[in-house]
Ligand code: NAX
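Only one chain comes next, encoded as structure tokens, the form predicted alone.
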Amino acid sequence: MSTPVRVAVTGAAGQIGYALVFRIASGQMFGPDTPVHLQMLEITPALGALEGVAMELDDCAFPLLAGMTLTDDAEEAFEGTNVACLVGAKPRGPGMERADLLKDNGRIFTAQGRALAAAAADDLKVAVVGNPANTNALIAAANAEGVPTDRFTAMVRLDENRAKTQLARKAGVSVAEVTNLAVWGNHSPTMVPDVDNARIGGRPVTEVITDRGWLEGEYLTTVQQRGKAVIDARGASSAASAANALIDHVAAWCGGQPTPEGDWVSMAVPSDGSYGVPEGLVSGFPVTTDGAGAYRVVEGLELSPFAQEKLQATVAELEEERDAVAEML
């Protein structure tokens, strides 16, 4: 077998972390021939719960699990890390303003960016899940001196997966028939699923689903509000589906599962100014990946005036978030 991939997971005893680490250890993120060393970070009060997670991992007897590190110290967790899954973040509490949440999490991701720069491997790749994910990725990247900015991404793959399922159900087809679906902008209720360029069974979505009112109304709001709907239904935020989307995100980017020819996937990456998204903002784009750590933003796509208006709104939100944490960048 190859040298183990060292995978850091923050918030590893939380709901998403718990749904994630077993799937990483089973080989679903990096394939059936790549061993992994899990480096799990938690806050000090949760170390007991983390020990329980580690016990369960042991009890699964995963052949690919080469070792585990359990710690409340970020530099220890990130020592030699090849892939960092930044899942842990402070949730928004009752009465908390969004600006307060941004600043509280900003302090967490400032410290984690510095710790990654100090301890991680030279080939580090970072996927941020903890919300507000796009701006947390921006903060971590800004504080990781010496680490190329394009190594930092945020996850909008959950939004893509949600959007594909809704289209498949409306069209009465398997979700595998839905391709080329990108999610633009922020991982928030302003994000924009792109039906102008998506396909169902190789045909444009708008030819298969001709009800533009549904596409621009019920469909859009269902996808944008899906996270809230899950909370309303189960009393807690998405966990297993978020972990699944992170598996998809990392597997496509650097886990040996490149984007199929002619298709693309959604990743929030630092903008180079494409599509009018200001340079530097971490925004959802359609990208192709090689499975070995490289990605490329798909060029030349056209958006309807409706989608362009929605894109401008989600970009404006990203700019507001950036400005709220300007002292951390």
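None of these values were measured; they are calculated from a predicted model. Counting begins at 1, following the sequence as shown.
Another form exists, predicted together with the named molecule; not displayed. Remarks below refer to it.
Asks: Choose from 194-202, 118-126, 238-246, 215-223 the stretch whose residues reach within 4.5 Å of the named molecule in the model of the complex, heavy atoms counted.
Replies: Among the candidates, contact is made by 238-246.
Asks: Looking in the model of the complex, any heavy atom of Cys60 within 4.5 Å of the named molecule?
Replies: Result no; Cys60 lies far from the named molecule in the model of the complex.
Asks: Residue-level contact is defined here as any heavy atom of the residue lying within 4.5 Å of the named molecule in the model of the complex; does Ala141 satisfy this criterion?
Replies: Because no heavy atom of Ala141 falls inside 4.5 Å of the named molecule in the model of the complex, the answer is no.
Asks: Give a yes or no for Gln15: in the model of the complex, does one of its heavy atoms lie within 4.5 Å of a heavy atom belonging to the named molecule?
Replies: Because a heavy atom of Gln15 falls inside 4.5 Å of the named molecule in the model of the complex, the answer is yes.
Asks: Would you check, heavy atoms only and a 4.5 Å threshold, whether Ala294 touches the named molecule in the model of the complex?
Replies: Ala294 lies outside the contact set for the named molecule.
Asks: Using heavy atoms only and a 4.5 Å cut-off, decide whether all three of Ala89, Ala133 and Leu158 touch the named molecule in the model of the complex.
Replies: Spot residues vs the named molecule: full contact, yes.
Asks: Ok, Val230, Ala251, Val147, Ile108: which has a heavy atom sitting within 4.5 Å of the named molecule in the model of the complex?
Replies: Result of the distance check: Ile108.
Asks: Find the only residue in Leu303, Ala66, Val287, Ala46 having a heavy atom within 4.5 Å of the named molecule in the model of the complex.
Replies: Looking at the other structure, the residue within range turns out to be Ala46.
Asks: Which residues from 110-124 come close to the named molecule in the model of the complex, meaning a heavy atom within 4.5 Å?
Replies: Only a single residue, Gln112, comes within 4.5 Å of the partner.
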